Ligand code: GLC
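Next up: just one chain, as structure tokens, the form predicted alone.
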Amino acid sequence: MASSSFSRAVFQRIQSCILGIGSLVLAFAAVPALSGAPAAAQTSPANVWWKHAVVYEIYPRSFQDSNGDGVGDLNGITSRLSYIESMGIDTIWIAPMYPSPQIDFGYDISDYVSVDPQYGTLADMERLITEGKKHNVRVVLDMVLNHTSDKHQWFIDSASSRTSPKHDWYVWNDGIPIDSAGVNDYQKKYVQTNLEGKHVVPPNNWESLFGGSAWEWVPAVHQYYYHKFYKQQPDLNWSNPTVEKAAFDAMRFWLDRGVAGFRLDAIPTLFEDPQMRSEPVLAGTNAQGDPNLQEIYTQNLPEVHNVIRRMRVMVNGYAGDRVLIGETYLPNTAELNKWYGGEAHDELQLPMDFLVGFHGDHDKLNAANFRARIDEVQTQVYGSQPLFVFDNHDNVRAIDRYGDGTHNDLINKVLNTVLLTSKATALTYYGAELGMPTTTPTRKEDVKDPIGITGWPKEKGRDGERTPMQWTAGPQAGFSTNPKTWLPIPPSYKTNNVAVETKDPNSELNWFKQLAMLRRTNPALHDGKQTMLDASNPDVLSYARSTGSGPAVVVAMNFTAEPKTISLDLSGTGITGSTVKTLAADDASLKSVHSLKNITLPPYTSWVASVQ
């Protein structure tokens, strides 16, 4: 989530807290020119590109170093566009590359309308966008709107004086007397002395997701400012209309330069309770040692939806069907539906559905859970387009969360089969196509992620899922010419790398490419409806994709370590035909299957077939 988004511990904390809230035809064609043209040039809703997209998240520090400093950069990304295109990726989401002190590795932005020198220049970004079009790859930027860096000029001005024109751009509070009713020992740990010489404490028990109080004292103004994340990430005051205007202007700056849209970081956190009420306290403490809170006053407040509706209008003013993708960790599909705008479809086009890939039972594969979650979003969001995601820069990689240690490569293929054959926009993360594992530091002194430093050993941080991309078995895995890369190259680079896997027809990379090609070229997989099959089977997830004309496709995945025999009944689906032709299978025994009866799926295998 936001600022630094979510580590696994943070995600679990937020998910539990939110439970209390009441409240590719076009995709792979030549990318149209993106400009600030009127909205009249929008594509028809059925064929809009983002409905068929495969989005690839790139953590710029870790993808490709072009200048030998050990840190990835924009020119490195540009140099790898041919690889990205070859995978069937048509959209890249680039994690923040704006100027930043890098306290939270870019999620602490000090200038929204420029590029951090370690990643390149504005000209390099414009070149990346231009070259991306030549490779049929759109560029989506990460937009962090909840907060800025404390080094942003806006905050420097805001913190300089109570009379500064920008003072109200952030969330400030005088604090309350230490002897006020309801003040607890936690608040008293952050006592300060105000201008009148009286002891004051933060106005409530709100906590930073990364440890300690969410309130930080600034002597120059004798006030606390609020920070949902690190203290170096002060929250913007979205109740101030001038903040919205400044943020929208920053987004326009990039839209005018041709970006295809934005991934909105930690977007449910924009607003806080104006009454400053303390959160209800839950049992236990979190990984940082702070009390667990039910965050009903700092998460998912209804005011945020008004902002998103206005943002959607603004983005719709540009040609090219620009897209808004939301980082939306939510407790259920009903809450997810609100982020689409419900039946009005007037908010985010693609709020992330973490309920499929990050549900509460995510430590093991469970066909029934996957089936239920996929069915929910197909039927309970008024026909809006789902967006599935299994990996990102804030969580242990899916191959490790779901893997059993023995069949991890096959399990990763199962996950990518769900991702690429479901009727959903697909979002993946660099290295997931290779089966890159999480490589968590084993010593505190090796940790770079601040949350891992403050939370060690319960919270080891997010370095493990951010290690450099593994291109070759050569020095530094082909990521950099510098032996001192910003994070170490994991031992897995010898076998899990692009060069090795490209040559292996049975590799995870080639499985990903095969499915992405089918998704692009097969009408049923590209745009067909999805119908669950064998819906009571606890071990095998299977479904049909069909358009009503042309051959339907059936998909089946064994979620267990034991062989499973299935028979698929198409009655009631509207699909005719009784024989099948295998389109893709990761076990040779399935390539000769011709009937929907008595199909034996070896452990953790995936099978895709056309109904004849």
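Note that this is a predicted model, so its numbers are computed, not measured. The numbering used is simple: start at 1 and walk along the sequence shown.
Below, we turn to the form predicted in complex with the ligand, even though it does not appear here.
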Within 4.5 Å of the ligand in the predicted bound form, heavy atoms considered, which of His393, His135, Arg401, Lys338?
His393
Within 4.5 Å of the ligand in the predicted bound form, heavy atoms considered, which of Asp463, Glu508, Asp265, Glu459?
Asp265
Under a 4.5 Å heavy atom criterion, is Asp104 part of the interface with the ligand in the predicted bound form?
yes
Quick one: does Asp116 come within 4.5 Å of the ligand in the predicted bound form, counting heavy atoms only?
no
Taking heavy atoms and a 4.5 Å cut-off, does Phe210 contact the ligand in the predicted bound form?
yes
Check Glu327 for me: does it contact the ligand in the predicted bound form (non-hydrogen atoms, 4.5 angstroms)?
yes
Answer range among 73-81, 104-112, 373-381, 484-492 for contact with the ligand, defined in the predicted bound form as heavy atoms within 4.5 Å
104-112
At 4.5 Å by heavy atoms, is each residue in His147, Phe229 and Gln233 next to the ligand in the predicted bound form?
yes
